[in-house]
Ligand SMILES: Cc1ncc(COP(=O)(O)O)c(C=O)c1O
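Presented below, as structure tokens, is a lone chain in the form predicted alone.
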């Protein structure tokens, strides 16, 4: 018998992981693959963080802890925001979760009612839509101009009675674009006037370039009237596999997330939370090192794309992605992505995964190794010449 529930109708296969699995199959067949598909730092977690986790385990910190988070990490997150002149009470405004995904899902599940519209500034990470649909909501794309530039009039037009939330992500996955403080203020004003929540995914906030400083929604909504800020350790500290994230919001919203966590994952792993304390309170030089390395890879990526005719690739201000436009080749993004992988070994993510307006784009992660960038993009360019 098929025991599949109707809930699975709204849970698709991850487009990113689908391409990654095809790429891994090719590698098992001894074929060369250039990995641009997965947004994962290729750096190792800093040793001081690893040492802190080992120390915690040796001290017996391997048991259940509060669903809200261990006090030391809640205090460290409070300290981290205070350094940015953002007032946060770690005991009431913060929850630690197994990855930032769980923070966002808990927020959506505890806020969205069945049938509610949830706006998505797009292109948008595909998991947002899946989470919204799992909660019974209806995702509504609000397309941005190239580079994740907010279209103010389009956003205002889509705000209506049934809108209960908006999801924003700056720096943005997949474009690397950023929202200005003025646009964050506009979103806040609309949320106050029309009474909807703002889920602000700030997971890439430290990975910004050319002297840009990313503002947090908490700077324009210091009372956390409408904002739930989501972030974590995966990108800033190369801790993707550690699964540790957090959310910052009003006590009532955070209390709801605590209830969700109590009845699902119970808590984030205890010893991982102590590693998180060290990440925040310890040596921060790894962030600058990785940011500088990513900026060099971004510049290399942009330079190599500029040598390929008929592709428009905007320069990203943050994260570690580019989202070039391949519309001149007349192929759907899924067809082109599979063709490039099979013919050149270049593994990317189809743009359609990030919204139906983006079927002529592909996402490339320049968290890839410099060798993959130097070899893979020119190899792709040579193949594309045969398609013109």
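Positions refer to the first chain, counted from 1. Only a predicted model underlies this, so the values are computations on that prediction, with no experimental measurement involved.
From this point on, the text means the form predicted together with the ligand, which you will not see here.
Q: Using a 4.5 Å heavy atom cut-off, indicate which stretch of 95-103, 175-183, 157-165, 264-272 touches the ligand in the predicted bound form.
A: Stretch 95-103 is the one.
Q. Is the gap between residue 221 and the ligand in the predicted bound form 4.5 Å or less for some heavy atom pair?
A. Result no; residue 221 lies far from the ligand in the predicted bound form.
Q: Flag residue 196 as yes or no: does it have a non-hydrogen atom within 4.5 angstroms of any non-hydrogen atom of the ligand in the predicted bound form?
A: No, residue 196 stays farther than 4.5 Å from the ligand in the predicted bound form.
**Q.** Touches the ligand in the predicted bound form: residue 205 (any heavy atom, 4.5 Å)
**A.** No - in the predicted bound form, heavy atoms of residue 205 and the ligand never come within 4.5 Å of each other.
Q: Determine whether any heavy atom of residue 227 comes within 4.5 Å of a heavy atom of the ligand in the predicted bound form, and answer yes or no.
A: No, residue 227 is distant from the partner.
**Q.** in the predicted bound form, the residue from 191, 247, 77, 244 that sits within 4.5 Å of the ligand by heavy atoms
**A.** So the residue touching the ligand in the predicted bound form, by this definition, is 244.
Q.
Please identify the residue among 111, 234, 122, 216 with any heavy atom within 4.5 Å of the ligand in the predicted bound form.
A. So the residue touching the ligand in the predicted bound form, by this definition, is 234.
Q: Flag this candidate site as yes only if 323, 333 and 360 all have a heavy atom within 4.5 Å of the ligand in the predicted bound form; otherwise mark no.
A: Judged in the predicted bound form, none of 323, 333 and 360 sits within 4.5 Å of the ligand.
Q: Can you tell me which bits of 128-167 touch the ligand in the predicted bound form, meaning any heavy atom within 4.5 Å?
A: Residue within 4.5 Å: 128, and no other.
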